[in-house]
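A single chain comes next, written as structure tokens; it is the form predicted on its own.
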Amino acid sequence: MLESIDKLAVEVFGERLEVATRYAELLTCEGIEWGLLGPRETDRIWDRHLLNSVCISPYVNRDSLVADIGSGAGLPGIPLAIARPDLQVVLVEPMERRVKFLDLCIRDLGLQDSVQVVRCRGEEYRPKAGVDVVTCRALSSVEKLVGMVEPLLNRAEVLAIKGDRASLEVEEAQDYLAKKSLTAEVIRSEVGGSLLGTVLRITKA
């Protein structure tokens, strides 16, 4: 890791940095071999994926149940579970190959007590226990995201990791959000003055 990223990783993951490092190895080996990440992602696995995934952590209450919708290779759910062992994290993913990789990661990293995988589409996920936070990365629009998780929003809030267009997306979706009685805010998540990522928070008005 670069020195600046190394310092951030220590601050974010603390005594569980070794677990995070092992997850990075799984992503850059099996993850690439299985086609879950592109080979060009190896050099930016920490800043683009692991550290970015934990940008929602300051906004998740202690002991929350978090559902990672469309988890893919486990981002952001697995880094969040590593950094926050107080959380229960459910990785929701429909594709069998990805589910097998997630199961491998959970076993290898020793996360069986705090992380589970549910194989289904995000819009089909109906948990028995109440979810406190719904999270995801890289879903294309506010409308698509809300449509996918709307039944969960009576109790849960959405903390979605977005890119530079987050504020514009919220502005474009204002009428839609108002009809759904939802509010949205964009948060720049920083640690030690370094930007980890941009968080879109959606809650009931």
Ligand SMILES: C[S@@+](CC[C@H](N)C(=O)[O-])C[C@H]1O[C@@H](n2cnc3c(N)ncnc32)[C@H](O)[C@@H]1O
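The first residue of the shown sequence is 1; numbering continues from there. All figures in this text were calculated on a predicted structure; none of them were measured in a lab.
FYI, the form predicted in complex with the ligand isn't displayed, but the following is about it.
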{"property": "Interface stretch in the predicted bound form with the ligand - options 175-183, 56-64, 132-140, 152-160, non-hydrogen atom within 4.5 Å", "result": "132-140"}
{"property": "Distance check, residue 95 to the ligand in the predicted bound form, heavy atom within 4.5 Å", "result": "yes"}
{"property": "Distance check, residue 75 to the ligand in the predicted bound form, heavy atom within 4.5 Å", "result": "yes"}
{"property": "Exercise: residue 113 in contact with the ligand in the predicted bound form, heavy atom 4.5 Å", "result": "no"}
{"property": "Partner proximity in the predicted bound form: residue 121 to the ligand, non-hydrogen atom cutoff 4.5 Å", "result": "yes"}
{"property": "Interface residue in the predicted bound form among 51, 145, 166, 69, criterion: non-hydrogen atom within 4.5 angstroms of the ligand", "result": "69"}
